[in-house]
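We begin with a single chain expressed as structure tokens, specifically the form predicted on its own.
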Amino acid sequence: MTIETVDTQPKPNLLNDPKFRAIAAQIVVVVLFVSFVAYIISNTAVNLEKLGIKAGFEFLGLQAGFMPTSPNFNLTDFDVNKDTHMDVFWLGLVNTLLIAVLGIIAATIVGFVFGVLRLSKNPLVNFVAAAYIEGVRNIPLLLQILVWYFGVLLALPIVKQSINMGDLVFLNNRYLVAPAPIFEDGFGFVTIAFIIGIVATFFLARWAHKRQDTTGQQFPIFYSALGLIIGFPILVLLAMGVPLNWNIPELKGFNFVGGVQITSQLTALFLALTFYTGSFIAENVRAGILAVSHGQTEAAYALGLRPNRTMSLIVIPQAMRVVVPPVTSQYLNLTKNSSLAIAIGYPDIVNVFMGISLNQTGKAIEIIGMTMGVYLTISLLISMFMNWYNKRVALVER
């Protein structure tokens, strides 16, 4: 005789399941957000139709009819006689990316240098670093841009009285002009050598790191990188018979002909963004270094490591896990702050596309939407890269 048992326990309520509630909440949020966006788009379309405004992006194919940049600072070879508003968009995008990349690199270097100097035991060095950090970061960025442009660069001599640096580089209140490289046949091999050097340095650094973790022996990766990235391309350049010439600038009339010109607007914006953002990064670096236990430094000294090696091998690697998240925010701020270039006429995307193109076409919603999309995309790409890097430097618990 068999006795069948019946499970009389009630089934668990899904509302009491944390996993189900989390998924349900996310679904509700997504539905609400999509509904809100759809409502905004529909409402905007209805209002535009009532006003007799036709929405669309046909204007991007129309000839612009204006020159959005100076002829000597034309990174996309813009042609006023045939190029369209879409070409204006690309020109503004390239100029925006240029100042963002240059500013991020320079601000990182300035920030790390002054962040370390801020902790110096030398009173003079510490005072100079503190004066720079506290002075620069408490002055509005727009004011600094105007000071660099109107107070410093426009105060330089006129073109005919340019500051001469070795008959090669000339500086005046309009631009800095320097020799422009002319690449001849065979220079492509030098470029290939440079790329190979970068790739080889990457794999060499990974090997050196694993070797140090396994054996404790250090490898001179810095000098090896210099040899691969700089020395190797130079050897290839010499082997190819130096296929490189220079276009020397020459003053003709009221302007310089030849060479490459760096406009005063770009210089002023670059300097202001670099030193302003660098002051915040310096404080982030100082906070990261102070977050490392002093016992780590004492242990390194006990093992006989010099102060500079202790800083580079012990302190900085541990400080990076604290430094990276706030520095990411500073990179994003620098990219968005570059839109202040409109104050001095630098041809970024806000100035030439959201400014001049918008005034000519009247397509405010389309142009503002495209501009917002550009900054959103750049910011997301920076965040993705920095989040990936942050996971690489984060401590791994075992």
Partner chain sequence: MKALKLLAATAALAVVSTAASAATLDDVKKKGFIQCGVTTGLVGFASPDDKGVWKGFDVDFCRAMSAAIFGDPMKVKFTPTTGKTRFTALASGEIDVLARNTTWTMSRDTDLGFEFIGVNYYDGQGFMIRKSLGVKSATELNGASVCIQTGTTTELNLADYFRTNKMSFTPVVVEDAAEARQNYDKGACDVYTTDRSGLAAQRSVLSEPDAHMVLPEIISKEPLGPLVRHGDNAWGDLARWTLNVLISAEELGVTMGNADSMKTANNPEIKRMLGTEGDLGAMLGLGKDWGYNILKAVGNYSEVYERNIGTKTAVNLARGVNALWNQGGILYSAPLR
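Residue numbers count along the first chain shown, from 1. Quantities reported herein were computed from a predicted structural model and do not represent experimental measurements. By rigid core we mean the largest C-alpha set that fits within 1.5 Å across both forms.
The form predicted together with the partner chain exists for this protein as well; it is not shown, and the discussion that follows is about that form.
Check each of L332, I344, M370, L60 and return the one that places a heavy atom within 4.5 angstroms of the partner chain in the model of the complex.
Only one listed residue qualifies here, and that residue is I344.
Considering P123, P71, P220, G166, which brings a non-hydrogen atom within 4.5 Å of the partner chain in the model of the complex?
Looking at P123, P71, P220, G166 one by one, just P71 meets the 4.5 Å heavy-atom criterion.
Which of 110 to 118, 196 to 204, 145 to 153, 237 to 245 has heavy atoms within 4.5 Å of the partner chain in the model of the complex?
Among the candidates, contact is made by 145 to 153.
Does any heavy atom of R137 come within 4.5 Å of a heavy atom of the partner chain in the model of the complex?
Answer no; every heavy atom of R137 is more than 4.5 Å from the partner chain in the model of the complex.
Given that the partner chain is not shown alongside this chain, does R174 nevertheless sit within 4.5 Å of it in the model of the complex, heavy atom to heavy atom?
Because a heavy atom of R174 falls inside 4.5 Å of the partner chain in the model of the complex, the answer is yes.
Can any non-hydrogen atom of N47 be found within 4.5 angstroms of the partner chain in the model of the complex?
N47: yes, in contact with the partner chain in the model of the complex.
Does the partner chain come within 4.5 Å of any heavy atom of A64 in the model of the complex?
Judged by the heavy-atom cut-off of 4.5 Å, A64 is in contact with the partner chain in the model of the complex.
At 4.5 angstroms, heavy atoms only, are Y39, V80 and I356 all close to the partner chain in the model of the complex?
Every residue of the spot touches the partner chain in the model of the complex.
Quick check on L376: with the core superposed, does its CA move 2 angstroms or more between this form and the one not shown?
Superposed on the core, L376 moves its C-alpha less than 2 Å between this form and the one not shown.
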